[in-house]
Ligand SMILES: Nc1ncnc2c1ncn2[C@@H]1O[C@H](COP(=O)(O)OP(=O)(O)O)[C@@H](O)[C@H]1O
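Only one chain comes next, encoded as structure tokens, the form predicted on its own.
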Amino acid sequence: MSQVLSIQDLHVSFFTRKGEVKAVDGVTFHVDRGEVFGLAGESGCGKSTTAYAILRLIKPPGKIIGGRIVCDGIDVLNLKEEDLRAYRWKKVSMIFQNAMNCLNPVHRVSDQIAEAIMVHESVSKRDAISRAKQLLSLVGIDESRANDYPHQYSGGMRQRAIIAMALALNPVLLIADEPTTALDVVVARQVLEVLWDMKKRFGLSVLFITHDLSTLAEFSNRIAVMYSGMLVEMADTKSLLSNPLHPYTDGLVKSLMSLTRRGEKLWSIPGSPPDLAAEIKGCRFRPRCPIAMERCFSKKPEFIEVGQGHYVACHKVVS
């Protein structure tokens, strides 16, 4: 299967008064064409920074300091500024966190989608508006509501409108960064079903970023778990959830609520993620790890394939 996205040894740092903050530290993964690839982990682990790097949206004091990103045959980190506009919409589009606030409150929803189309393609406003209405209809918003303003939409409708905008130029890769943030569970489910339907309809590849493993369990083909700027485990969804090898992944899986474990206490991972501005020796998860051993204090574990397509960075697993 061909790859639509390949990331090799990506490093992104933020240079602050406290020093260099290694937000993304040597991340490597790929997304196959037509695949839903999940990127999971706690807040602050580097998931969104990875997404911004794919779009070349890292701003000072942040900087991409190493690695390679190839999307649909394009060497992203070597793109000239004038080529980035077409890349960001025609090749990759993104549903940002709190995307409901991305709509301009003083412009009609259809006009905003049409503007994105006209900026990138030589089409009339009439044709762009027509396509915008078709896109809104595809995500479940009646064309009669296309000329409404964002405040006239519910939260779920605004999120659907953002999905429609992201699909306006038929990208090969859609990055969904916590697309159901701030939505109630019923509306969140509806939005996820819209995303899944659009994925099948257009043959999209999706990089789905979330802290919620239960969502990825249903919608993703493979999952990578990120901790403190690094990948700690990656496998197909079934293998990762049924047989988590890294203690952090194991903790995330155990913390999922279950209707079959009645009467059991809810599981939580003790402690907090480390300060990325501080020098960290050995394994970054070691202060929170229930199975840490001597070498975890001094040697950084390598991200190694331990089974077919199953990678893990843990001294206990690979020793």
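As the structure is a computational prediction, the values presented were derived from the model and not from experiment. The first residue of the shown sequence is 1; numbering continues from there.
Just so it is clear, the following notes concern the form predicted in complex with the ligand, a form of the same protein that is not shown.
- Only one of 27-35, 65-73, 284-292, 42-50 places residue heavy atoms within 4.5 angstroms of the ligand in the predicted complex, namely 42-50.
- The single contact residue among V253, L276, I54, I269, judged by any heavy atom lying within 4.5 Å of the ligand in the predicted complex, is L276.
- Although the partner is absent here, Y311 is not a contact residue: none of its heavy atoms lies within 4.5 angstroms of the ligand in the predicted complex.
- Contact check for A23: a non-hydrogen atom falls within 4.5 Å of the ligand in the predicted complex.
- When the ligand is considered in the predicted complex, F303 lies well away from it, no heavy atom lying within 4.5 Å.
- Although the partner is absent here, S298 is not a contact residue: none of its heavy atoms lies within 4.5 angstroms of the ligand in the predicted complex.
- In the predicted complex, just one residue of 58-73 lies within 4.5 Å of the ligand by at least one heavy atom: P61.
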